[in-house]
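The chain below stands alone and is given in structure tokens; this is the form predicted alone.
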Amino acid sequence: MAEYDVIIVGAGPGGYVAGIRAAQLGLKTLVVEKAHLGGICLNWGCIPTKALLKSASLLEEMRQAESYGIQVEGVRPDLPAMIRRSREVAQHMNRGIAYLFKKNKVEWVEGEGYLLPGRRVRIQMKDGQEEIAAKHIIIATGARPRHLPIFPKEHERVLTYKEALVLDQLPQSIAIIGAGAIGVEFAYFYRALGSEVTLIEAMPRIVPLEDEEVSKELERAFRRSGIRVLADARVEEAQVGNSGIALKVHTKGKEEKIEAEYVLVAVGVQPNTENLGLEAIGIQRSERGHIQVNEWYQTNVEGYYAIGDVLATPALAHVASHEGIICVEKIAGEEVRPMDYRRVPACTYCQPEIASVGLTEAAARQQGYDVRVGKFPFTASGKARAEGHPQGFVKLVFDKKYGELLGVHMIGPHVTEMVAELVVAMNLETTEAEIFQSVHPHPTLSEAIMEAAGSALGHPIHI
């Protein structure tokens, strides 16, 4: 029976990154994956959705080409071609992981891993099974879309993000349940292509984890684009037929019926922790199925670890990757620091884009901070005007006593690329004065960050 230093079950953003880092640290490493290298994110989530969203934003740009002094005629979406491109992008990245495994001498096997006591894994492959031992076993099996019991399972009219990525023709109408990142991204995509879109959110506002001002700005933008937004709304009944779906929705003290060709369920994910052998080993889980770990991702059973969406940490690819690196570096005896989840950025790639890190203004006040807020609108940004996207703003939340940056909330053009600057700034415990005094190039969108810091100090220049 072969023995490894580390076996990782699952090759998503947590598992494959942990595998590469473990091998770099000199650990004999095996990664077990039953489907595709890169997991959901690379194959059915982050990467292919961004390819589709790029197609949608380019389509919108071309429709508005005349405002840029360019004459374009006959612009129309070709959904099958968009789908093909998104799949090609995902497949290219999938092959890239196989190359990285080879480069870093990471062994991997296609099969389904089942955990056994005594730090062993049974791998079920197409041509049989094998039992392998390791000093350390890392669980990185990810998560799957949550199912709503009012809908039948595996019906062609009821979509998760996976089915939404491969529709062969554009829906005339679609109802999207859940207005988190996945829901609003698909709402933007389908509306840009011409579908009638109804976005339904049970919380009082869309993108409910974001700052309230960001939610309001996105709702205004969506309504202008023709998306129907229903917040504080609950779907109570669903009639699913061969040609469409009828929903009974309770919202603001009244009921209404919504009909659509398709419904996309985007109400979060649940961890893939069943049928792994956790019970026989004695690994503890929460009531919601999440594996319980310490700050180094060790479970309650020695030699077994867990990272990524099987935990109750933010279900984000970059979180899983970072957890994987910390986990294997600790195993290898490196000097590491626990992850600070207060400084994890979140990005949403609809148009306008959303990016945030740290505390919202409301959360900062609730925690007892006396806050100072700086805000700068992209309407005052020369670069945003030149690009034709002056919507949105940068909002920075500071502790008034010490000037520390507590939270960042942005909505507008390319903010998902801009937020990394402020993650670094927060890790360095920067102040509003230090941001304002850091020279930002002109003309750029990033100047809005400097201007927002100046606004917090009480001396904004361009507003």
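Keep in mind the model is a prediction, meaning the values are calculated, not measured. Numbers for residues come from their place in the sequence shown, where the first is 1.
The same protein has a further form, the form predicted in complex with a small molecule, not shown here; the description that follows concerns it.
- Across the options 282 to 290, 336 to 344, 233 to 241, 108 to 116, residues that bring heavy atoms within 4.5 Å of the small molecule in the model of the complex belong to 233 to 241.
- Not one of Ala355, Val373 and Met450 is positioned with any heavy atom within 4.5 Å of the small molecule in the model of the complex.
- Between the small molecule and the residues Ala133, Leu79, Met93, Leu316, the one pair within 4.5 Å by heavy atoms in the model of the complex involves Leu316.
- For the options Phe101, Tyr369, Tyr349, Trp296, the residue carrying a heavy atom within 4.5 angstroms of the small molecule in the model of the complex is Tyr349.
- Using a 4.5 angstroms limit between non-hydrogen atoms, Gly183 touches the small molecule in the model of the complex.
- At the 4.5 Å threshold, heavy atoms of Ala179 reach the small molecule in the model of the complex.
- Proximity of Leu148 to the small molecule in the model of the complex falls within the 4.5 Å heavy atom cutoff.
- Taking the partner from elsewhere, Val269 is found to have a heavy atom lying within 4.5 Å of the small molecule in the model of the complex.
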